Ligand code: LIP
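We begin with a single chain expressed as structure tokens, specifically the form predicted alone.
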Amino acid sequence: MTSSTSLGSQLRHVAESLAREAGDMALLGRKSGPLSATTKSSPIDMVTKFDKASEAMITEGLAKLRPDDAIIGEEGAAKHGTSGITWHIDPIDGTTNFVFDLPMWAVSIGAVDEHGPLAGAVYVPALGEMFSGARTEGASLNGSPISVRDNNDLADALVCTGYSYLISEREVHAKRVADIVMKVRDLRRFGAAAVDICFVACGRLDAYFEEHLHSWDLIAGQVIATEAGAVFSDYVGNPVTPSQVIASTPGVHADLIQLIAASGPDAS
């Protein structure tokens, strides 16, 4: 890397490299034999030894490559930094898919500065797909530029969602989804937020919405999808936070906000 390479590009390269290394390790481990898992926040919130090994591999890599940066990781990694850069790490996003040997899981690594998401990578090892992006520098899938689907018709939109690990929240969301599915082309539920967001980025989905995420679920996908032309907000159109996420192609964003507001148990 030369001194003329932007910070965003440098961090994007770091994220890609570490995501690939950790993801390939986890994929090899998953293929090596039976897998055991424990639970965390609820009986359906799973974690494996590979989640922890992946996070350790990433944090060790960052310690060598970016020793002054801060770190926040799903499996407990926490480090203060002095550079103004904070890494948000999901070592295996979609652990349930990982345990059940479904391909929809990813390693998600995103970097934030004082202005927000700056660079990130989402690597889907079982599909051999590397999504990455950096602020003002575009987004790519396996090195080729990507962009959102050009669609202005919500009725034609393929929409993805996810469900909270909290059972009470699932009941609320299920009622909302029952309304929404009647007014869009169809709904999908893949079970990995970072993958869902990247699928919006490359035009495989028109929109994704979910509540009760964490920063490590969102940051990398947010910079990738934003650079691909996606629009992000909460459920009422305010700036996105992990607690409420809509990511969509611009042409259906406003209509999806209205549809969410009109759907579910709280709808008038």
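Because the structure is a prediction, the values reported are computed rather than measured. Just count from 1 along the sequence shown to find any residue number.
Keep in mind that the form predicted in complex with the named molecule is not shown, yet the notes after this line are about it.
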Here the chain is shown alone; which of 27, 53, 213, 70 has a heavy atom within 4.5 Å of the named molecule in the model of the complex? 213
Using heavy atoms only and a 4.5 Å cut-off, decide whether all three of 137, 199 and 222 touch the named molecule in the model of the complex. no
Residue-level question: is residue 125 within 4.5 Å of the named molecule in the model of the complex, judged on heavy atoms? no
Give a yes/no on whether residue 217 approaches the named molecule to within 4.5 Å in the model of the complex, heavy atoms considered. yes
Look up in the model of the complex whether residue 117 has a non-hydrogen atom within 4.5 angstroms of the named molecule, and give yes or no. no
Is there any non-hydrogen atom of residue 111 lying within 4.5 Å of the named molecule in the model of the complex? no
Can you check 117-125, 141-149, 89-97, 178-186 and let me know which stretch has heavy atoms within 4.5 Å of the named molecule in the model of the complex? 89-97
Along 125-142, which positions have a non-hydrogen atom within 4.5 Å of the named molecule in the model of the complex? none
